[in-house]
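Before any questions on binding or motion, here is one chain by itself as structure tokens, the form predicted on its own.
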Amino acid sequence: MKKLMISIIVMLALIAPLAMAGGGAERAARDGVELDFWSWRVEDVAEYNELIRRFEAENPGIRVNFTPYQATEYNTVLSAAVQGGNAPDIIHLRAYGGLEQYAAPGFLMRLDDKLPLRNRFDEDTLRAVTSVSDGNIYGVPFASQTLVIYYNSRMYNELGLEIPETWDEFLSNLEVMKDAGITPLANGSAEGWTLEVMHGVISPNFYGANEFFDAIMSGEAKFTDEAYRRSLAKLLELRPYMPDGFTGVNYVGMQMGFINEMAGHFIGGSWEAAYFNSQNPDLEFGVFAGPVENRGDTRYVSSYADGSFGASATTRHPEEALKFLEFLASQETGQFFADELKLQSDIPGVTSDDPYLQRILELNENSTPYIQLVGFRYEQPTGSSLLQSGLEGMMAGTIDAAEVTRQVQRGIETWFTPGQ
């Protein structure tokens, strides 16, 4: 009897590893698998949880735990986790250089040979999720964002204002609001990234949009060129119309100012619309592109791929992680983002009758890369960090626009080689 018991124990010890090596889907259905999914979209918790609920209903045995962090803290939190060997299974990745910092060292699962992404997405979209170090894809494209000016349409109607085309018309509208006792702009400067967004809305129509971007990338232009300096100086003309104490107004304060109709305009990104609607369903607003100098000039909007979804190279559940990524790449998910979050999905086949999204698509008929994010976030110091710091100083009055351009150019020159 004793020998029989020993034999049974030995057999179980031999069988257990084989059972553990079985298919991921079967294991998930039998024992249950949990995937940790991190993101920076704290505003969209309810929507992401609903999307996850749909995935879990289609995939019994796989549970996805969604954990969002503040956008300003996310990069630091994720970097520490990845470096410490505690990366989540599913990672909401930044695009371009933000993806590169995790792809190049091997922290991410390569997706080229696992998901048919090259056959589904166009070249411009894939650029944002492809590592420049090895040319491989590491993320499922998420959505594109467009930088615009929001305006309170009720205030516009009451004050008899029209959507401005030129810079002078825009300043005139701001002045009318100020005279009416309304804060014309909700924007503050306590957080540098919001100033970079403001730059992305206003400056391209003064520095030359695509022509300047191409010249910078090829080395035919520099950030110290007069056109770029002048485009930054335009932001200074907005200071009289920003909230009192604007240097202390942060992102949340900006949002609340517009949502609660204390300010008539909000310079930001297309991602704001769903949050504005959720916080104040009665808020009436529209969007327009940054103004141009002369009537009839082409009005450009800055746009960019807003991240992707990837998987940790060290996930203990690679099959289940890929199944979730495949779901995130589906037209069903893209349609969900368009319908529920008013996002411009990069997934082919997604449609929308929403007037807001239709307006965003219309504005994108003349788009230009969000210059520092798309081109200059691959090494340190990034173009974004240099610009954000410089703009904070400029808006506070401690440095001028020329000094900002010098700081950006000097920093980028330490690592950027034009034409490569």
Partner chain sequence: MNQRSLSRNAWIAFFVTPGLAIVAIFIILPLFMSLFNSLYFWRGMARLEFAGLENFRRIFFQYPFSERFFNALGNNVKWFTTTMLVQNTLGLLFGYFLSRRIPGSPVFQRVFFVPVLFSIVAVGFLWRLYLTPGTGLVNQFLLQAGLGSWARPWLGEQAIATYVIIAVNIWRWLGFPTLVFYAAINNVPQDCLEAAYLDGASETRVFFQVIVPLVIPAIMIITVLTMIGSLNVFEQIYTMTGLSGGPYYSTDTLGTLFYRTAFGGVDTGLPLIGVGSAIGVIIYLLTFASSALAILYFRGRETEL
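Worth saying up front: this structure is predicted, and the values here are computed from it rather than measured. Numbering follows the first chain given and starts at 1.
Beyond what is shown, the protein has a form predicted in complex with its partner chain; the following relates to that form.
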The chain here is shown without its partner chain. Which stretch in 153 to 161, 177 to 185, 248 to 256, 109 to 117 comes within 4.5 angstroms of it in the predicted bound form, by heavy atom distance? 248 to 256
Is its partner chain in the predicted bound form close enough to Q101, W193 and S384 that every residue in that trio has a heavy atom within 4.5 angstroms of it? yes
Although its partner chain is absent from this view, report whether Y69 comes within 4.5 Å of it in the predicted bound form, heavy atoms only. no
Report yes if any heavy atom of G390 sits within 4.5 Å of a heavy atom of its partner chain in the predicted bound form; otherwise report no. yes
Non-hydrogen atom contact I399 with its partner chain in the predicted bound form at 4.5 angstroms: yes
When the contact criterion is heavy atoms within 4.5 Å, does R359 count as touching its partner chain in the predicted bound form? no
Partner-free chain; cross-checking its partner chain in the predicted bound form, the single residue of Q83, N280, Q331, T298 with a heavy atom within 4.5 Å is Q83
Exactly one residue in T314, S172, N136, S79 has a non-hydrogen atom within 4.5 Å of its partner chain in the predicted bound form; which is it? S79
Against the displayed form, Q409 vs A71 by Cα, in the predicted bound form, with 3 angstroms or more change: pair is farther
In the predicted bound form the CA atoms of D214 and D134, compared with here and shifted by at least 3 Å, lie closer
